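A single chain, nothing else alongside it, follows as structure tokens in the form predicted on its own.
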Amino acid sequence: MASSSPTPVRFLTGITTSGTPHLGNYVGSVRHSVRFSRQAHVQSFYFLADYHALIKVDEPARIQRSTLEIAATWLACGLDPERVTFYRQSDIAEIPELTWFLTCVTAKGLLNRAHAYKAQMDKSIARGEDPDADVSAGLFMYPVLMGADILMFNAHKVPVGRDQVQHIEMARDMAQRFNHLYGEHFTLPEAEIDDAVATLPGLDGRKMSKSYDNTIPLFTPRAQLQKLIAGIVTDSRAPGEPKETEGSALFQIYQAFADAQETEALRRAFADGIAWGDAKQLLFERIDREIGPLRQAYDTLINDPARIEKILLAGAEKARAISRPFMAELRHAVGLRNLGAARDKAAAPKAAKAARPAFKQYREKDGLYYFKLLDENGSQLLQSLGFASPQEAGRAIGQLRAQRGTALTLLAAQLEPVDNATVRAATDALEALAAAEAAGHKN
């Protein structure tokens, strides 16, 4: 008896399009995520978080350039757009709508505890200003938008640095609250952390961040890479003096690229008093050995923006094949429903056996098995693609009967594309069919 395939695990990650990708992005997000995308039974979602960029950047050209650079980076680092779903956040119209749904169930007190919001307030207080002086509504609502990014695709795992774990916990809170009010619609996401590379230090020892202007651009030319590494802050210990690995930005960056044997060798060299210049040269050579082969692919991509735009638009269509039917399910769940359907149900005579939606399963000349969902008037709402056996088609029908709108999302790739209005009508029909069958069982 053949064993069934494991349920795919969904990984989702994004990078804000607010600047040039740097080594911290690479070891803390890009490399980590691409590795998972190549595993069997993994569904990966990658997005360019350009809505998030609007919170902190008011330079349109910078956001556009960053979007191009980050897309080229992911592709150069081995992302396969045929295998994964790779899209631009702003191309998914359902994300801001879901953000509003989540806003309506998220406690203000939860958002008050967000690290980014509290940090900005602390800065204002330190300057003797009103705590909310530099806080936009966008900054305050940032965790809700991030929650929508994650929950829209029911991600199981979200690769993040340890400093981002709070956002995943907040997304779980939003999902639980929504599920409590409207039924089980959202998967509760989990943070996926690699402690060795969760946070990479920058040139000055603080977290590598565009905000601190202490980054090492990922695909900077080789000579510039060497110059930047030479500028990493170290202490004043002379050659021959033992050096501490604890707290050393140079050592931490090396560790993020090296294997265990290489890391141990540098640890011994620190204890033996390696000169800082020699240690920096080792770091440069180790980074360039990994990044150098990717740089050529990046340069080719960055000079062909039309190709990248085409890839992103194709990815958006793959993403919306999931987000459109799922949003229709959520709209129905909160009460944004077809009023005509409600009137028709109310007007139906109770004594007569009312017509109800129905599935029709059949075989075509190509030898494959198909089904369609018809409404109570016999009009077609859904049409499947071909299945190899009637059992496979039957299982899909059973899933639609049992899970209704949720199954529309899961089975999107096995159905002919439909627009939002049709998805809403199909969701209503499946709910009506379930209600009619439940009533029949009771009678």
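Note that residue numbering follows the sequence shown and begins at 1. Please read all numbers here as calculations on a predicted model, not as lab measurements. Between two forms, the rigid core is defined as the largest C-alpha subset superposing within 1.5 Å.
Heads up, the form predicted in complex with a small molecule isn't pictured, but that's what we're talking about next.
- The candidate spot formed by Met327, Gln414 and Val423 lies out of contact with the small molecule in the predicted complex, as no residue has a heavy atom within 4.5 Å of it.
- Residue Val160 is the only one of Leu75, Leu294, Val160, Ile274 with a heavy atom lying within 4.5 Å of the small molecule in the predicted complex.
- Residue in contact with the small molecule in the predicted complex (any heavy atom within 4.5 Å), chosen from Leu54, Ala396, Ala49, Val418: Ala49.
- Contact annotation: the small molecule lies within 4.5 Å of heavy atoms from the stretch 41-49 in the predicted complex, the single such stretch among 41-49, 405-413, 66-74, 380-388.
- The small molecule is not drawn, but in the predicted complex it has a heavy atom within 4.5 Å of Ile150.
- Among heavy atoms of Met146, some come within 4.5 Å of the small molecule in the predicted complex.
- By the criterion of a heavy atom within 4.5 Å, Thr263 is excluded from the residues contacting the small molecule in the predicted complex.
- In the predicted complex, the small molecule lies within 4.5 Å of some heavy atom of Thr13.
- Once both forms are overlaid on the rigid core, the distance between the two CA positions of Gln43 between this form and the one not shown is under 2 angstroms.
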